[in-house]
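One chain follows as structure tokens, the form predicted on its own.
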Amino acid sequence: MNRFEWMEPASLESAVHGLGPRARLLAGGVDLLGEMKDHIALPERVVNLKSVSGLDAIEIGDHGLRLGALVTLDRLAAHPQIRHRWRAIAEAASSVGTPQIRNQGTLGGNLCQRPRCWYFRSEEHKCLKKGGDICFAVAGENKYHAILGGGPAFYAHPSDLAPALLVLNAQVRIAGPGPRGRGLRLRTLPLAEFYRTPAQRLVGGETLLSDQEIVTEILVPEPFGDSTYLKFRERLSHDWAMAACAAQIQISAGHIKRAQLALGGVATIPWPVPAAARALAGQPLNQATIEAAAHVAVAGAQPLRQNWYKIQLTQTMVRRAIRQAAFPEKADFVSA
């Protein structure tokens, strides 16, 4: 690990102006510490965002939910109103890592974490994401890699919270330097516009954030229906998703009035599937409708040599998520 300057800003403005090309933010520190140990990140300055007050708030009002970027995953998983009204968020947070990681990891950190691809994390491989000229996963070990949104790199995005927030129509609020480098500039955009595929942004992060911008909070409107998040992983105790699905479903008189679906663990970004949602809307809630949506959800998938199984696995997760969101009274709260 390299030597670096430690900064504890007293305000969000100070934090923003402490950032730059050779600086990194510290929130929970779970992912950043791993990057620094693996020599993926070599910051000259680490800006501790936890010294800025007000970024760990949970506020529930008439217009929905406001979540500070520093809210821990454990708090999201345990919050009674979130579990009841925005169930997918609590289920996604509960599925992350171990109790120790959930106590330390933050919402903002989970949304902005870097790929878990073993070639990207290896000091011995200068892959495309690190400025090299080859994605080693294409001809290498690619069992856990993306089947959607790939090319020229094929890592799978690791966030659990992002698919859940996508189906709940969340927005992300971002702070950056103001005009001429003075003050703050705040902007808000749909979370669906926040991520970038490798074809859109290869080297660097997987979001549209500049090196002087910070995610400050997530805004989630009132849900239109019941939601859920389901995740398949090899190890139940602590693992990333091999395939995951978040769903929000509104049922009326036995028909699906409205739906939102998003996938995790199978694409280079958290992957909304609006075509699958359209296949559900206005249709009777029956096996044929669910099968049609599961088929549409993986349309366009381009699996690699070792991850063809993700097509069928993803379809299974879509089927289960639709049923669980449609009949929440029959499903136990999903925990890690």
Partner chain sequence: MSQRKRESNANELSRRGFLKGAGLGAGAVATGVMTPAETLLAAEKKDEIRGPGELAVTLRVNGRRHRLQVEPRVTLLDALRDRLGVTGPKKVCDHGECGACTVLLDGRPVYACMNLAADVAARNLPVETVENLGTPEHLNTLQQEWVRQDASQCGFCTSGFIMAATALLRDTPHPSPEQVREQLSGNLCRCGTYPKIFAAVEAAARRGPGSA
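Residue numbers count along the first chain shown, from 1. Fair warning: this is a prediction, and the values are worked out from it, not measured in the lab.
Missing here is the form predicted together with the partner chain; even so, the following discussion is about that form.
With the partner chain left out of view, the stretch that reaches within 4.5 Å of it through heavy atoms in the predicted complex is, among 187 to 195, 147 to 155, 236 to 244, 163 to 171, 236 to 244.
Checking P80, P99, G183, G254 against the partner chain in the predicted complex, a heavy atom within 4.5 Å turns up for just one residue: P99.
The contact residue chosen from Q250, N103, S122, S210 relative to the partner chain in the predicted complex is N103, the criterion being a non-hydrogen atom within 4.5 angstroms. Interface membership of S14, defined by any non-hydrogen atom within 4.5 Å of the partner chain in the predicted complex, is confirmed. Put simply, D74 is close to the partner chain in the predicted complex: some heavy atom of it is within 4.5 Å. Using a 4.5 angstroms limit between non-hydrogen atoms, L33 touches the partner chain in the predicted complex. Among residues of the shown chain, Q283 is not one whose heavy atoms approach the partner chain to within 4.5 Å in the predicted complex. Using a 4.5 Å cut-off on any heavy atom, the residues of 26 to 51 that reach the partner chain in the predicted complex are, in sequence order, L26, G29, V30, L33, G34, K37, D38, R45, N48, K50, S51.
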